[in-house]
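In structure tokens, one chain follows: the form predicted alone.
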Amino acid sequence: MKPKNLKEALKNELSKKEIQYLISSYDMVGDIAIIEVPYELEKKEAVIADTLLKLHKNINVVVKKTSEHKGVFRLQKYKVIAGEKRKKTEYVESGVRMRFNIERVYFSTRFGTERLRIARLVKQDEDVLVMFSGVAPFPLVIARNSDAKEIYGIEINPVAHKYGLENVKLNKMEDKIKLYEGDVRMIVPTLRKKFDRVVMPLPKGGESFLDMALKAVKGNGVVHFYDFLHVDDFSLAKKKIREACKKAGKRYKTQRLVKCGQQKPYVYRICLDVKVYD
């Protein structure tokens, strides 16, 4: 009989004590499984990875995290421990296909539900700006699942920008999506355009770009501001918006605050949807 899960599949390979250390949950990006291997199980990582590979036919590569997200590009290191020797994959979400190397770009599958939520808020003929657009998941999901007029994306990581351009072509979205490589602060003024909706999917440090978002959004437009906050500190997001709008001389109204992912116990990725008036 086929084992129901990884823990059951490893019961003859790991001791009872080792099983206690096993982290059986993992992330899937395309056909790549990303696992965490505790220090206590490092000598058994190959066994764990091979077992996972045999257990699920949709997995062709197993990697383990070897670092936290670091640097301006928020990149993370991985080690291939089973399956094909590659870190590039194709990921499908909300009707779009995206190809990228998981080690050379920042990408979160856990943002998928939120990307679709934003797309469903977009009204007909809206112009949308996505700051920090990465390999273009937000622009692509919005283009596929809304009647937006145009979606602009800005990304500072040249590798992510290149994959974004490839993904726009892959999905035949060249007529709706325009991508720009560079720093948001440098690119936004050159666009000479204002947007009905500005999306800011940078939960860590995104508040330092609120001034640019407020310059880019039209009167009666919407800004989607993301932050990482402890469950007791959600009001800090509203404080950041209040201070930025006051400095920019803008009136605003908070539409909703949405929890859209958990970073660690009691710490959530939140989105504050804000209507901005001149």
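The structure presented is a predicted model; accordingly, all values stated were derived computationally and were not measured. Numbers follow the displayed sequence, beginning with 1.
This next part talks about the form predicted together with a small molecule, which is not shown.
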Notebook entry, point to check: Is residue 133 close enough to the small molecule in the predicted bound form to count, meaning some heavy atom within 4.5 Å?
Noted result: yes
Checklist line | residue 78: touches the small molecule in the predicted bound form, heavy atom cutoff 4.5 angstroms | finding: no
Note to self: Residue-level question: is residue 203 within 4.5 Å of the small molecule in the predicted bound form, judged on heavy atoms?
What the structure shows: yes
Note to self: With a cut-off of 4.5 Å between heavy atoms, is residue 252 one of the residues that contacts the small molecule in the predicted bound form?
What the structure shows: no
Next item on the list: Please determine, with the chain shown alone, which of 215 to 223, 66 to 74, 47 to 55, 232 to 240 has non-hydrogen atoms within 4.5 Å of the small molecule in the predicted bound form.
Entry: 66 to 74
Check: Among 111, 91, 195, 152, which has any heavy atom within 4.5 Å of the small molecule in the predicted bound form?
Finding: 111
Check: Looking at 82, 148, 184, 96, which has any heavy atom no more than 4.5 Å from the small molecule in the predicted bound form?
Finding: 184
